[in-house]
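Heads up, the chain below is alone and in the form predicted on its own; it's given as structure tokens.
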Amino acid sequence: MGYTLAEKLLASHTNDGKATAGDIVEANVDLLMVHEVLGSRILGVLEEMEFQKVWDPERIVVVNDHWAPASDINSAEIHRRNRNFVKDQGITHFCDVDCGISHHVLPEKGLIVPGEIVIGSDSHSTTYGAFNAFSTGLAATDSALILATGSCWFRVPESIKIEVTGEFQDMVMSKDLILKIISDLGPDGANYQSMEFHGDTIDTMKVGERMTICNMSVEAGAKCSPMTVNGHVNKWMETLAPSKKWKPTLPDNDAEYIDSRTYDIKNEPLGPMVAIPDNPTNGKAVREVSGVPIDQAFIGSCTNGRIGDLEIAAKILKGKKIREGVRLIVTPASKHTWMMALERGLLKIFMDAGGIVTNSTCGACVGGHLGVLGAGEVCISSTNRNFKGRMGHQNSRIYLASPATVAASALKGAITDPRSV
């Protein structure tokens, strides 16, 4: 019997080199990311543990990104506690409020390495599966234990094999693909399972597109979502992490999967998708909801705030004006992405179209600041969650879509197929 990616990645980090689906194993962690939950919850757990020193200050990343800069006194105090912890513990990697969104910043800084185990104090830490890593999000107590010991227990997940073949049509993005996949699976369809992605579409996909897919796999309940290394990942590592030593991990040909799904987007073309309120798995073809009026259009987040996302939105918006009465908010995923967008003239396009460009933060996505929705307002967003009250008032409504669909909708003032503009 062969082994899946999740089994192999975990096995390579256990003392006996074994990990089979269903086993409980203790595995050594290569990198831990913590954000504001450090100052709000984890430090309290560490105090109860009578904690003294982190296991390795070079393998911990602290990021202030959710309320960046601080939106109120509470978030300011959280950031202050995080800064003090970083200083007291001598932590090497610290991204303060001028840095960007954790799940984009870590790979951008060359900290994500194929074959490693990466844990984050955030559910969308599945993003790093794009780099052939076992990555997942854990809550405050488990994150605190890793801070102190560098290891954690895992139940080895069963795996679903998802194969995607064919090329995307014009104005169709990887966001549309993952909205389709998780809608087919449902909110619990991959609960505590590994969504393992394969096929020539995945093999040729750019790094940012892969990150979008892995980021949203958790919306179907996935524990992790590893991919094999492709040429774009190789180039990424050569450019941004040239000193790192690594080798790719591959699943065995006779690996056992609990389920297998195939998407042939050439013979069964995929069009733009929209997830209607109030769940990311409520996917519909854009034509089914076309014409729904919007108040706000948001492009950004750890899901779709990368340079490729901004470029396609700018392509649609260039030389045009958004509909009167619509607020367009654009949040690049990192300071580096922000500067790239500035140098390429993208920010001017957004501003000339009537949009607002913010600093790099999770603020609008989590309803923290810089885009909070009021009662009855409708937002079309390139984020990953549209739960009730996610971006503001409990009576607001959120539709999830690709940056292309969001930009097209901002122009028309209603949900719009980007191929029509």
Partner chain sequence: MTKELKPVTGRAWVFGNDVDTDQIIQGQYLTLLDYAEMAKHTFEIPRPVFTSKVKKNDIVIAGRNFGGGSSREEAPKVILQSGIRCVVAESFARIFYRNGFNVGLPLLIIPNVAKLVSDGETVTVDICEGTLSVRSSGDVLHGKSLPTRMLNLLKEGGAVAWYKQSVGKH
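Here the structure is a predicted model, which means the values were calculated and not measured. Numbering follows the first chain given and starts at 1.
The form predicted in complex with its partner chain is left out here; the points below concern that form.
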(request) Please pick, from 345, 269, 110, 187, the one residue with any non-hydrogen atom lying within 4.5 angstroms of its partner chain in the model of the complex. (result) 187
(message) Just checking whether residue 161 would be counted as a contact of its partner chain in the model of the complex - the rule being heavy atoms within 4.5 angstroms.
(response) no
(request) Decide whether residue 41 counts as a contact residue for its partner chain in the model of the complex under a heavy atom distance cut-off of 4.5 Å. (result) yes
(request) Give a yes/no on whether residue 49 approaches its partner chain to within 4.5 Å in the model of the complex, heavy atoms considered. (result) yes
(request) Look up in the model of the complex whether residue 58 has a non-hydrogen atom within 4.5 angstroms of its partner chain, and give yes or no. (result) no
(message) For the three residues 122, 139 and 191, which mark the spot I'm curious about, does each lie within 4.5 Å of its partner chain in the model of the complex through at least one heavy atom?
(response) yes
(message) Among the candidate stretches 96-104, 67-75, 254-262, 237-245, which one is within 4.5 Å of its partner chain in the model of the complex when only heavy atoms are counted?
(response) 67-75
(request) Could you list which residues of 140-154 come within 4.5 Å of its partner chain in the model of the complex, counting heavy atoms only? (result) 140, 141, 142, 145, 148, 149, 152, 153, 154
